[in-house]
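Have a look below at one chain only, the form predicted alone, in structure tokens format.
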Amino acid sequence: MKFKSQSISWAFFAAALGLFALQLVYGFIMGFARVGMDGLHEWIPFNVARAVHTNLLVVWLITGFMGAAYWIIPDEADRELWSPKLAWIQFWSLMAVGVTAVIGYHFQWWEGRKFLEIPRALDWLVVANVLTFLFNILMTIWKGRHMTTTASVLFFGLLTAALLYLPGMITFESAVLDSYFRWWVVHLWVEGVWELILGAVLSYLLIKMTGIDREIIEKWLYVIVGLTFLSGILGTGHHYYYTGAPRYWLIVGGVFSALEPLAFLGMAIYAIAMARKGGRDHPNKVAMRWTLGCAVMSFIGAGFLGFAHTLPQVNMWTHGTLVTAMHGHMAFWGAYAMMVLAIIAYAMPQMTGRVRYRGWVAETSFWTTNIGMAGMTGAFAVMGIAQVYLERKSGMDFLDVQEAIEVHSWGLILAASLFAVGALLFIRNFLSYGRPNTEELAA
């Protein structure tokens, strides 16, 4: 660890993993409800579990992004964080808002829009929290000894993610307009500016672990940024096919959605090529696996599986089915969850001065989570394709179809169980590192 203030990222990483574990709990509640084991329905109905599950995903990823920034930005700027005290205030206020929101969902205190359920009063607190975070890292960059491309892209990705949160706070009486601008948040986050964050973190990890010259890796980063903006912005149109938006979105959305996998393919090629060219045999091979795995799995989940059902001719049948869940689970896991776990795996040995990446726990965690996620994706694919055929093609009633595909939910639960074992092993490994060791830094 180069600077003492980088240790603040430990709190964000710990909170992110805690929220991740809680997300898994609500995922299992929904999984067992799908097979008729819905004993918690009186306290946690399916729609509440779903809202908590999806919102916990967003919150723990953003918390992980913030932890990554608090680790990377001081290192890239070559100075201590501008205000550690402000970072701690921002952390505790973020946790307070997150806990309040999750509890509120159980009492149906929400706006009722998927991924944007958080009540308006808490929306403003989120805005204030994120502005505090952005100001702190901006001042760190501004007063730093260096201003690198990696740090600049990371900050720009975080800044634009914050700005694109604002359209979701606008109230519309028209359901069409509300849906139109909701995708400005949801799509332009996960298939737009979050990709900048992903690219910047991958760039940082590859610079540190491969030994490749920074200039070479950051040139690749420019290519990734260009592909992201070329395809991601207009690719939003694939959400407008059947929401009442003008018909030209069928063409615009179809064409640019077809180009979106190029950004993720570029990331995969870029990461693997840099790892092969690097002359440094970095001892933390688990962190390298998470890094390269992130690049590959993001292409499979976000790129390939997204393309598989995004074209209008296919999407007219798959829209709103479990095919979307197939794509969504692998995409979020590969592109963003694995990225957060990669930076945690890289930072923890340096933050604590302890080596915990050579044992079976760290290795097993990587393989079991990814095999489990592949199984979950396959289960969702089988369920989704069966749903499309029975419901959309054969005209069966929705609830009859859900009963018919119930048997495949057991496969989903088994795969999710393997995934959960891997996730818990990662958390166990994280805890084994202990707290940051700032005394070693001072020495």
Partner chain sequence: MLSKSGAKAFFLGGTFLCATAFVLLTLDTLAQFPERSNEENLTEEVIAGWKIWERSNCMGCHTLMGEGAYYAPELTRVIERRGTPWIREFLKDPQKFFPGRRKMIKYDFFDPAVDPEADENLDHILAFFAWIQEVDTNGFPPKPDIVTQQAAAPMPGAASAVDAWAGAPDYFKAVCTGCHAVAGQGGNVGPALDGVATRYERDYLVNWIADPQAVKPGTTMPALGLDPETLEQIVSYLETLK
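Positions refer to the first chain, counted from 1. This structure is a prediction, so every number in the text was calculated from the model and none was measured.
Not on display, but discussed next: the form predicted in complex with its partner chain.
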### Query
How about Arg34: is it within 4.5 Å of its partner chain in the predicted complex, going by heavy atoms?
yes
### is_contact(Glu80, its partner chain) in the predicted complex, heavy atom dist at most 4.5 Å
no
### Query
Is there a heavy atom of Arg145 lying 4.5 Å or less from a heavy atom of its partner chain in the predicted complex?
no
### Query
Taking 4.5 angstroms as the cut-off for heavy atoms, does Gln350 touch its partner chain in the predicted complex?
no
### Query
Which residue, Pro283, Gly226, Gly359, Gly211, has a heavy atom that falls within 4.5 Å of its partner chain in the predicted complex?
Gly226
#### Entry: Among the candidates Leu177, Leu138, Leu262, Val255, the residue which, in the predicted complex, approaches its partner chain to within 4.5 Å (heavy atoms)
Leu177
### Query
in the predicted complex, which of 83-91, 287-295, 359-367, 110-118 comes within 4.5 Å of its partner chain (heavy atoms)?
110-118
### Task
Could you tell me if all three of Ala51, Phe172 and Thr321 have a heavy atom no more than 4.5 Å from its partner chain in the predicted complex?
yes
### Message
With its partner chain taken in the predicted complex, which residues across 220-240 come within 4.5 angstroms through any non-hydrogen atom?
### Response
Trp220, Tyr222, Val223, Val225, Gly226, Leu227, Phe229, Leu230, Ile233, Leu234, Thr236, His239, Tyr240
